[in-house]
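Here you get one chain, nothing else, as structure tokens; it is the form predicted alone.
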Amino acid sequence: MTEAKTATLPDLDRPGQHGLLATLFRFQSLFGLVLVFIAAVVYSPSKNGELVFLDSGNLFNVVRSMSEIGILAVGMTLVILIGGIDLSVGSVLGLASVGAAVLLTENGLGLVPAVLVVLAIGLGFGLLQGFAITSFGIQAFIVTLAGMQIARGLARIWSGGQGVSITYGDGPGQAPESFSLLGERTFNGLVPIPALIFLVVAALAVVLLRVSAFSRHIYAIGGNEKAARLSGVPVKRVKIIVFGLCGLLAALAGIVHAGQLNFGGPNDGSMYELDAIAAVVIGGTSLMGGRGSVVGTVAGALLVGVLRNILGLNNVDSNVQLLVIGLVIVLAAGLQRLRPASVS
């Protein structure tokens, strides 16, 4: 009986099969992005004999449209890697967009001081949430759910419950012209500035998670918090910093949002936190923590962007678009359930 069992084991765990399986799971979001991209090319409508989807302007618009969500998703990846969640990022984005608009137009701050103040607000908000989670032992879901309401309320108080328009010039009530660059394109008018910011943020996060000791602490906490603590990892400090970084990136996304729309609204960013979580899940990061990557999150965000773009180009009903994206999220989560524990 024992011999019969051991005879079948090599068939289930051959090195070649395990290596292929590990590769498929590790890069599931990249493979998914390639498949969706190919499908988008196949089903793209044509204009003047050329595929609309493959137009360079359209492709960069895909990245631009996902830039704010992508920035939020990078911060969300760090939080989920430690086994947490942050439901406040959409509201912090709205608070930051209001802050940028008010400081630049009504308070007359210069570009650099206004940006620094808004980033500090986002960082401080995240740090406070991390402190509450680690000091009082309250679940991240509850703390950030409360934070979502607090940030939204602060945004409405700061703006008087109204959206704040941004106009440019040197006169009173006008923002510096340089802030309008967030709505422009660079490299001969090809690459949107928000897309460039998103890619730079993602690149910095990739470096952080690959070369720093801090990244090892993040993965250790997500993998087994108790073991990490016994190994000397400063769990409380790492968690606070991670939530601070998430708040900082949410504020950055809010600044980008205000610059793109020339407007800061207290209700902006509503439900963005769910889109950010979706990008992280589709990107292959485990909601249990300890496994995942920023590269996967970027691929997940772009996959959602490509899906929305090609469905929009084919005039698919918006409700059907939500259905399709929801099914993709469920599929990605299902793949995570099938992922072997040995695959990192």
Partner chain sequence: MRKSRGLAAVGACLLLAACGTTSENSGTGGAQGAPEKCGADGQYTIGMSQANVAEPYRQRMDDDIRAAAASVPQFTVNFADAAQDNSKQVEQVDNFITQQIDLLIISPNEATPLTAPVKRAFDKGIPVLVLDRKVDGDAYTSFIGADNVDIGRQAGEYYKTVLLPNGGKIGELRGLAGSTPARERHDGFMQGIQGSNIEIVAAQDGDWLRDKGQQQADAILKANPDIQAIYSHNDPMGEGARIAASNAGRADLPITGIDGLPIESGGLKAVEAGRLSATFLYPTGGKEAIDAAKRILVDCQQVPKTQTLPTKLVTKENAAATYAELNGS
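Fair warning: this is a prediction, and the values are worked out from it, not measured in the lab. Numbering follows the first chain given and starts at 1.
Keep in mind that the form predicted together with the partner chain is not shown, yet the notes after this line are about it.
- The stretch from 291-299, 44-52, 278-286, 29-37 that comes within 4.5 Å of the partner chain in the predicted bound form, counting heavy atoms only, is 44-52.
- Contact annotation for Tyr219: none of its heavy atoms lies within 4.5 Å of the partner chain in the predicted bound form.
- Using a 4.5 Å cutoff between non-hydrogen atoms, Tyr272 counts as a contact of the partner chain in the predicted bound form.
- Using a 4.5 angstroms threshold between heavy atoms, Ser165 counts as touching the partner chain in the predicted bound form.
- Using a 4.5 Å cutoff between non-hydrogen atoms, Val112 counts as a contact of the partner chain in the predicted bound form.
- This chain is drawn without the partner chain; in the predicted bound form, the residue among Leu196, Ile142, Val117, Leu261 with a heavy atom within 4.5 Å of it is Leu261.
- This chain is displayed alone, yet in the predicted bound form one of Ser215, Asn224, Asn267, Gln149 has a heavy atom within 4.5 Å of the partner chain; that residue is Asn267.
- Along 306-325, a non-hydrogen atom within 4.5 Å of the partner chain in the predicted bound form is carried by Arg308, Asn309, Gly312, Leu313, Asn314, Asn315, Ser318, in order along the sequence.
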